[in-house]
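Listed next as structure tokens is one chain, alone, in the form predicted alone.
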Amino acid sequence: MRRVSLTAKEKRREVLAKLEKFGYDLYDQLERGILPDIIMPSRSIDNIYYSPELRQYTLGDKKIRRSASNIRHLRPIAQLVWMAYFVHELTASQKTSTLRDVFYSAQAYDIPFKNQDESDDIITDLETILGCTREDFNVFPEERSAVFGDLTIEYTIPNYEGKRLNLTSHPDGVMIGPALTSAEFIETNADKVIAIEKGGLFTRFIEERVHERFKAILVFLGGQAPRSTRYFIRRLNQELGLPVYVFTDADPWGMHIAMVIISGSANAAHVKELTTPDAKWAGVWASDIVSYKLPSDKLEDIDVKRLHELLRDPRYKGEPWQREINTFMRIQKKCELEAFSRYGLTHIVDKYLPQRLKDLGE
């Protein structure tokens, strides 16, 4: 993902330089008759901690060493070297690839991965070694998020440089992919971002003109938001100064979707510039199930187990997290965003949304 302080060309040169240095260092060891060593930050659980200063999970100082002198390390080292070569070619040619493409591309070079999880893990290793992200290498997951609202962007990718687009141009929203996350923000009349877990409600908000009525940029998260979407939300917040409100189902999994946007995840503890620490979980809350008498389901054992895990997570120590976890425990119920349709299709926009934004100081 491109840092705003660098142009696209500068960022590409920086990434290529890091990849080439990685290769030169390995080559230099071989030239000196040394079996190569690779030192990288440990991503083990005991080296991941929550930083109150950064307001996100981050890696500690522990390192691990992979050495070609250890037969068990030869396979991951070979995979890592190939991965660096492959993403160097992608970056240099300004082409993109999906995580799935990378997995299959390795087979053409006789670099087998047992499954895509192993391939993804090697990409993550390369991220930690170089201090880059897979998006810097032009590797992206399948797109499933979208955005809609009065924001004019200007593309920076090859063949589209200088072309502008307003994000109200497509009635289904614009997919959040590589071209959009790297685009420049030109102009907006919006004064907030509303991020929505579910596609049905995203469509309802567009139909009900929420972007105009509430001067909002609407972001469809697609469940747990992809990293590119979290980065895009961060940019909207930091570059444009727009407050962010996250709407999810009223269950422990919805709470966590909001928290990952706010403070990141343990899996991405090695990545900065993904979090929006001042974003607010706007609901649906457990207390809303009671206040609005919403249709609900009983919490399952796995939901209760997850709530106990959240209670032990330092990120959930404040409000409204503690209050809502305790309410979930007390009422033993959960519900979906769509539950407001009990009162009519537009109730969530006409009544709930303005009241919740008011409650949160909007």
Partner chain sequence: MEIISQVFQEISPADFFYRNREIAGFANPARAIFSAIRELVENSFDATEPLGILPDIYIRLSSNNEGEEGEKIYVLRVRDNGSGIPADYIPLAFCQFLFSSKYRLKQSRGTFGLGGTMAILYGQITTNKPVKVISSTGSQKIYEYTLMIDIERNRPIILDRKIYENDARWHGTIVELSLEGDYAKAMPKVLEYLKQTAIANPYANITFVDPRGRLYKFERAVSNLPPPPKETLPHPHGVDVETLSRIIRVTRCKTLLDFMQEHFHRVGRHTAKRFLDFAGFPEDADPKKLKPEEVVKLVQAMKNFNGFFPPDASCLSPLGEEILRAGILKELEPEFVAVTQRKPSAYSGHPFIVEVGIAYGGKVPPAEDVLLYRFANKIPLVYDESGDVCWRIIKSINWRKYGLMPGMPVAILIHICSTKIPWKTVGKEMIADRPEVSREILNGVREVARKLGTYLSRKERIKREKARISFFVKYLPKIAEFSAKLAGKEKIPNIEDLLRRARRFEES
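Note that the rigid core is defined as the largest set of C-alphas that superpose within 1.5 Å between two forms. Small disclaimer: the values here were computed from a predicted structure and weren't measured. Positions refer to the first chain, counted from 1.
The same protein also has a form predicted together with the partner chain, omitted here; what follows describes it.
Proximity to the partner chain in the predicted complex, taken as a non-hydrogen atom within 4.5 angstroms, holds for one residue of Pro277, Pro112, Gly223, Gly131, which is Pro112. Contact with the partner chain in the predicted complex, judged by any heavy atom within 4.5 Å, is made by just one of Arg235, His88, Lys192, His211: His88. Proximity of Lys163 to the partner chain in the predicted complex: non-hydrogen atoms within 4.5 Å are absent; the residue sits far from the partner. Taking the partner from the other structure, the partner chain in the predicted complex has no heavy atom within 4.5 Å of any heavy atom of Tyr352.
Heavy atoms of Pro52 never reach within 4.5 Å of the partner chain in the predicted complex, leaving it off the interface. In the predicted complex, at least one heavy atom of Glu31 sits within 4.5 Å of a heavy atom of the partner chain. No residue of the trio Trp253, Ile261 and Leu310 has any heavy atom within 4.5 Å of the partner chain in the predicted complex.
The chain is drawn here without the partner chain; in the predicted complex, the stretch among 282-290, 68-76, 243-251, 267-275 whose residues come within 4.5 Å of it by any heavy atom is 68-76. Contacts of stretch 81-98 with the partner chain in the predicted complex, defined by any heavy atom lying within 4.5 Å, are made by Val81, Trp82, Ala84, Tyr85, His88, listed in sequence order. With a cut-off of 2 Å and the rigid core superposed, Glu31 has a Cα displacement that reaches or exceeds the cut-off between the shown form and the other one. Here Tyr352 does not count as shifted, since its C-alpha moves by less than 2 Å between the shown form and the other one after the core is aligned. Comparing the forms between the shown form and the other one on their rigid core, the Cα displacement of Phe86 reaches 2 Å or more.
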